[in-house]
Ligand SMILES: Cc1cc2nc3c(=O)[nH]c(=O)nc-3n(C[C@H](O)[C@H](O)[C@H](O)COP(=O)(O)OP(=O)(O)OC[C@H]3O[C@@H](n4cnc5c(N)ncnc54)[C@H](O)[C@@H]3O)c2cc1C
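As structure tokens, one chain now follows by itself in the form predicted alone.
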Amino acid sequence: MTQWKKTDDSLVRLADGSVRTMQEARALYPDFDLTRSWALPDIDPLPDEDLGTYLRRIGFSEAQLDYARRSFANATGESLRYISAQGAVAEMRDPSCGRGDFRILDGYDSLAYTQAAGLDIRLGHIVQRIMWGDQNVRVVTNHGIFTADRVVITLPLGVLQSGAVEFDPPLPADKQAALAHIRMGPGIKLVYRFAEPVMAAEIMAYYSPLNPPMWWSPSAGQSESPYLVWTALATGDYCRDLLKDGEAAALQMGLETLRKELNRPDLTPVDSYLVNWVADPYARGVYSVVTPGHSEARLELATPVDNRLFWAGEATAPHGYAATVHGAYASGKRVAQEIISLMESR
């Protein structure tokens, strides 16, 4: 059975320099709590407004904007100026995902193995071309051609935008416009392994005003030596700044942030590793982000083409589900139902 753990034991450094638990920060600092509850005034965003402009218009202070950058924007995958305010507010107003975050202690791959049981999965097959102009659909890969009545496309948005996969004939104009109006944000993950715990055993996450802003321990809840691994996520401008001098410099910069936050200048990991989704040819970015003025682009991307090309993946999920594993999973269930309904209607 897959094991889950709620990630609610965390620390945050606030605008006044103090460090509080998440519960204390939310209770004592209303300006911080607003950027966790997102109980915004009943003011709708303008159609082409970015999230930063919208938050300023409704009265956010610079401290609150900083909280929004290092929490919501960093988790979304881009900087405030690139995020559609309409899309973001739709996510904030959508309660269907529930509250809080949870980790799968067995790792995400445990879900994939469960879902893939009994299926014919071909690994190492790189899709090069999708020919859909005839009666059947033919998918050209580096290991041959596969023919089917329909194809479900779950490629990351960055791969679709790169042109690495050719569509023959080209996709319709509305589908190409949807691809153009969703941005694949840059993102990296920095991983450090230490010989001893670096924080108290009950602390699973840390929110910093420095770069990278978000830290958590995947060791939390594991039966072996706990809290030896700490991971940081940096997207948008945080990612661009970290990568400007290369991956080795980014790892060193991340370590310096952790040393400052913990006031441990001699803290040294026994190993470190950087996951660079920007440079990964099979990802080309971290999460999809709807740009200002195009809040309907996800729905347009999810719409089938000619009842033969079907679309799934986090970029096709509703705003409240995008950029998440559960969003990708929900999109898969949606597209499966689309195809089942089509077959039953014939």
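Here the structure is a predicted model, which means the values were calculated and not measured. One-based numbering along the sequence shown.
Keep in mind that the form predicted in complex with the named molecule is missing from the display, and what follows is about it.
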{"query": "Candidate stretches 197-205, 167-175, 153-161, 244-252 - the one whose heavy atoms come within 4.5 Å of the named molecule in the model of the complex", "finding": "153-161"}
{"query": "Exercise: E314 in contact with the named molecule in the model of the complex, heavy atom 4.5 Å", "finding": "yes"}
{"query": "V286: touches the named molecule in the model of the complex, heavy atom cutoff 4.5 angstroms", "finding": "yes"}
{"query": "Close approach of V335 to the named molecule in the model of the complex, 4.5 Å, heavy atom", "finding": "no"}
{"query": "Partner contact for I182 in the model of the complex: the named molecule, 4.5 angstroms, heavy atom", "finding": "no"}
{"query": "Heavy atom within 4.5 Å of the named molecule in the model of the complex - the one residue of R259, H125, R138, R81 that qualifies", "finding": "H125"}
{"query": "The unique member of V89, L233, L274, A220 whose heavy atoms fall within 4.5 Å of the named molecule in the model of the complex", "finding": "L233"}
{"query": "Stretch 306-336 - residues with a heavy atom within 4.5 Å of the named molecule in the model of the complex", "finding": "G313, E314, A323, T324, V325, H326, A328"}
